[in-house]
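Given as structure tokens, the chain that follows is alone and in the form predicted alone.
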Amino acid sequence: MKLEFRHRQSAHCESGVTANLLRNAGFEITEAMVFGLGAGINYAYLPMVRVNRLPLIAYRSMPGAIFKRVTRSLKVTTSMTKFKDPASAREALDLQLERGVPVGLQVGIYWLPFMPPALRFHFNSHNMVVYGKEDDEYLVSDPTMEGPATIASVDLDRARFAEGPLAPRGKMYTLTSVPKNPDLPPLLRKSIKSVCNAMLRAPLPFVGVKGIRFFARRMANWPKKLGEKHASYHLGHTIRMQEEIGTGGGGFRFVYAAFLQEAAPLMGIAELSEVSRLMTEAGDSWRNFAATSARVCKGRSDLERPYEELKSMLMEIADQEEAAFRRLLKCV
């Protein structure tokens, strides 16, 4: 049992799965457009939420939000289900495949055998598509991988019922109807305003541009508060959250820049291309911050006061993003 499903590699799992499911249903859309329409970009430093015992640092909206926002905006009807046990989840998945319906799944990435070892960590909000079954193996389109993969039934059960934060509980989702030719410009304007408000006007000090500055001040105190060893450990975690979990800080900025380039002619706003350039520059700055941080962690940095200088880099990034989002808000 193998459905016709075209695998396309993407930068990020949720926006990639959403785009692939929509294209499979006959609605042509890019991953960048999905990410932008889903108001995917953000920043949050959440010390009260722990990932592997360390604070959560997020560069995008909450898991699941992109899919919900995009399908709601486009008036796509969906079906989403969670389960109490692997047997009922497996039965429901097989039934959808027998009906010829590709299925989106939320899984724990650590339990996916086809994932390279370096990318297997305990994160339970990874997304992928199952589009067939042969004997006791499922056919998988994981958009973060170059090509399709297979996974044994027992391994898929384990991934679908991974334990810990954001446990998927067998979550699966499908598209049930996809309207044709939506009026995109007003939807894009609404999503852009939502992103600008989240980055510029969030009431909490650890979200948006304020969150970047909040984190920068906290990070500068790590050596004194935690000691050099644990400061380095926290900095390594920061790099991992930025560059290895999903698309990361710089990567998400590049995807959003691509969205703005695509949206400019659709909305008739040429200045969006200039904001796209500013967003790309912010992405470059995030990548530079990660590279410099890595040298600090490895003891290869020649910075005299590394954490203070990293703080300065983050403050500059905050200024860059604030300028870009304020200009973007004026555009729409």
Partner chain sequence: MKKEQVPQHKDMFGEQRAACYAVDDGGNYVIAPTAGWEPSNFANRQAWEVIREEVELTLENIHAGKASPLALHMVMNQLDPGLLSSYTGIGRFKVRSHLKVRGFVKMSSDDAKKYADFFKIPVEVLAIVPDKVELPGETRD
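Computed from a predicted structure; not experimentally measured. Residue numbers count along the first chain shown, from 1.
Below: the form predicted in complex with its partner chain, not depicted.
Enquirer: Evaluate residue 118 for contact with its partner chain in the predicted complex, applying a 4.5 angstroms cut-off between non-hydrogen atoms, and reply yes or no.
Expert: So residue 118 counts as contacting its partner chain.
Enquirer: Report yes if any heavy atom of residue 254 sits within 4.5 Å of a heavy atom of its partner chain in the predicted complex; otherwise report no.
Expert: Yes.
Enquirer: In the predicted complex, is there a heavy atom of its partner chain that lies within 4.5 Å of any heavy atom of residue 158, even though the partner is absent here?
Expert: Yes, residue 158 lies within 4.5 Å of its partner chain in the predicted complex.
Enquirer: Do residue 284 and its partner chain share at least one heavy atom pair within 4.5 Å in the predicted complex?
Expert: Result yes; residue 284 sits at the interface with its partner chain in the predicted complex.
Enquirer: Kindly confirm or deny that 10, 53 and 258 each have some heavy atom within 4.5 angstroms of its partner chain in the predicted complex.
Expert: Contact check passed for all of 10, 53 and 258.
Enquirer: 86, 182, 185, 236: which sits within 4.5 Å of its partner chain in the predicted complex by any heavy atom?
Expert: Checked against the cut-off, the match is 236.
Enquirer: Considering 91, 98, 146, 136, which brings a non-hydrogen atom within 4.5 Å of its partner chain in the predicted complex?
Expert: Contact residue from the list: 146.
Enquirer: Counting any heavy atom within 4.5 Å as contact, can you tell me which stretch out of 215-223, 158-166, 74-82, 188-196 lines its partner chain in the predicted complex?
Expert: Result of the contact check: 158-166.
Enquirer: From first to last in sequence, which residues of 276-314 have any non-hydrogen atom within 4.5 angstroms of its partner chain in the predicted complex?
Expert: Residues within 4.5 Å: 276, 280, 284, 287, 290, 291, 294, 297, 298.
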